[in-house]
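First comes one chain, alone, set out as structure tokens in the form predicted on its own.
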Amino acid sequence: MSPTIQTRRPGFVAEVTGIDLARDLDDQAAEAIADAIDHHGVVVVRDQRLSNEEQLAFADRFGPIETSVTRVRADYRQRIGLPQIVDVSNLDENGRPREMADRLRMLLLGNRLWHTDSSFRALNGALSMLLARSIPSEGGETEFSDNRAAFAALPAATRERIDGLRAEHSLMHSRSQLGFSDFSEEERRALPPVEHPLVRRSPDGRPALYIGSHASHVVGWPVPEGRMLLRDLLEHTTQPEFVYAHEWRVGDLVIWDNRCTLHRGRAYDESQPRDLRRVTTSDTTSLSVRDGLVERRETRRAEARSPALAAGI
């Protein structure tokens, strides 16, 4: 079945309608959605009623799925048993709104800072897919910035200056900005700082800033100088002309490419339930989304042709 894809903001946001991802997603439709992700960076698929397993199956077509960072520490009490599902909600294991000082709530409060998912990991986040199951009566929007347009709008001298630089990314750094530093040694060992380029290129060659709250400092620069550069770039990138604010509807599945966007959640009345669930794929290659999809499909076909190979014999 062919979905209807409409551009909402040229080169940045597209909307997909007319498809049930749990039932109608053939190869042609998947590749059409992949093309839209490659071109736009943010894609909104309306009217989806996916189970956790169906959401994971959809994401699996686009790459290997990472485990939620909230699973690193075993003593977090959570309501969703699948470790690949990130519970972007205000609900505890009993389905009630979490207390203000709840430790997991404190950790996830950092999602209200501009960030890109899992840039604090060596295998950083590629695509994130966030599904709305229930939303509050107002507030709770998610904002996205177009990091390709932001890079293009920089002065030529700045673009030349920063291309080739690397930044260190750390979850501990981003959370420390809010005064949260209650990390165990287990968490610190599991999530050491990593380096990533300050400028990344999309499959079509368009460069994008790769920054956000996890970016601590510029490698090889004095820390204050590097942090000032990162602050200036973040302020530039999150100007209104580069930002799209998504107002959620139940059934929205929003997909974004973490390698060319930033995002942040906005505040809402946390006495009301807000149930959003996210799956994120790992960036294992520099291939385009579509090429990754095709590569994985061809691998599956080869395995189907060779049962012995699929069994590891």
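Just count from 1 along the sequence shown to find any residue number. Given the structure is predicted, the values throughout are model-derived calculations rather than measurements.
Only in words, not in the display: the form predicted together with a small molecule, which the text now covers.
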Okay, which stretch from 23 to 31, 38 to 46, 52 to 60, 255 to 263 lines the small molecule in the predicted complex, with non-hydrogen atoms inside 4.5 Å? 255 to 263
Close approach of N111 to the small molecule in the predicted complex, 4.5 Å, heavy atom: yes
Find out whether any non-hydrogen atom of L276 is located within 4.5 angstroms of the small molecule in the predicted complex, and reply yes or no. yes
Using the partner position in the predicted complex, report whether H169 sits within 4.5 Å of the small molecule, counting heavy atoms only. no
Can you check whether H115 is within 4.5 Å of the small molecule in the predicted complex, heavy atom basis? yes
Taking D163, V218 and L230 as a possible spot, do all three reach the small molecule in the predicted complex with a heavy atom inside 4.5 Å? no
Would you kindly say which of T142, S202, S174, N124 lies with a heavy atom within 4.5 Å of the small molecule in the predicted complex? T142
Checked L91, V194, L130, A149 for heavy atoms within 4.5 Å of the small molecule in the predicted complex; positive is L130
